[in-house]
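Take a look at this one chain, the form predicted alone, written out in structure tokens.
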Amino acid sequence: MERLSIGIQKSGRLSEKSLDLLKESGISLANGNRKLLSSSQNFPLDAVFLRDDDIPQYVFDGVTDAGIVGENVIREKSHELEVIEKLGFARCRMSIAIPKGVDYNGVVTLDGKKIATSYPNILGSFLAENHIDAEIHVISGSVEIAPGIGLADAIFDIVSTGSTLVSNGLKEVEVVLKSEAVLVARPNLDPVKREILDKLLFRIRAVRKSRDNKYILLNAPNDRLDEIINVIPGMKSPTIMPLAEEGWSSVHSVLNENEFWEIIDRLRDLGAQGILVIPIEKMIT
């Protein structure tokens, strides 16, 4: 039987969340990331644990069929891979930072400067697009110390919270790229493996939708029912059931996390009572 192989970061910020996503998608892997290859017994998938920077090359060369990797790594490696889905975790930005005491007047400030980075291709493209002539100094690890030791005038690196920049006396001045984990596949995947990938994607989307939505139950006065329904239309329409107490109904629906509190406030203003909020384990649409 054909199986889909997927490259996963062996250790680091993407590793644990990638494994959690597969587990929530009903895919069990033996021994996790303690060995190079781990096979699922309940889904035709083999996980290959690799260095993050190596995943695009392995997928491109056909060593693995797919991979979970940061967008920034895909952009840096410049391989022609198909981005199947953005996964919503490991979000970060790739930014240029300079010493706090240096004035910044737009990208022109970088002209003639030396910039330290581990991502020369992304930085080079950005500088070229903005017609900036700067020297790129490629280093690996601890990029943020480069200005402090006189190695560079600025840095270009991954920023999550910004605390590392602050502790090294730097300030973020230019966001070049926003990145998150993505599911990628090599082009021209054979039909059988593509079908397995589509089944995996179906599960992943169900898990992600459950994270982004909440199931709510509430008691609504019948004379405000139409207004309440307009506030919470649900996936198609809310479920409405009469209560034993005359003049009241029970309303069931799904709310998106991003607009959750705003809608709850409106429901309370319309007389809704006994509002219950329940997490959704999976959401199939």
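The first residue of the shown sequence is 1; numbering continues from there. All of these numbers come straight from a predicted model, not from anything done at the bench.
Although not depicted, the form predicted together with adenosine-5'-triphosphate is the subject of the following passage.
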message: Using a 4.5 Å heavy atom cut-off, which residue among 81, 158, 127, 207 comes into contact with adenosine-5'-triphosphate in the model of the complex?
response: 158
task: Only one of 165, 92, 201, 122 comes within 4.5 Å of adenosine-5'-triphosphate in the model of the complex by heavy atoms, so just point that one out.
output: 92
query: Of these, 240-248, 48-56, 214-222, 253-261, which stretch puts a heavy atom within 4.5 angstroms of adenosine-5'-triphosphate in the model of the complex?
result: 48-56
task: Classify residue 73 as contacting or not contacting adenosine-5'-triphosphate in the model of the complex by the rule of any non-hydrogen atom within 4.5 angstroms, answering yes or no.
output: yes
- prompt: Does any heavy atom of residue 274 come within 4.5 Å of a heavy atom of adenosine-5'-triphosphate in the model of the complex?
  reply: no
query: Though only this chain appears here, would residue 13 touch adenosine-5'-triphosphate in the model of the complex if you measure heavy atom gaps against 4.5 Å?
result: yes
task: Please run the contact check for residue 179 against adenosine-5'-triphosphate in the model of the complex: heavy atoms, 4.5 angstroms, yes or no?
output: yes
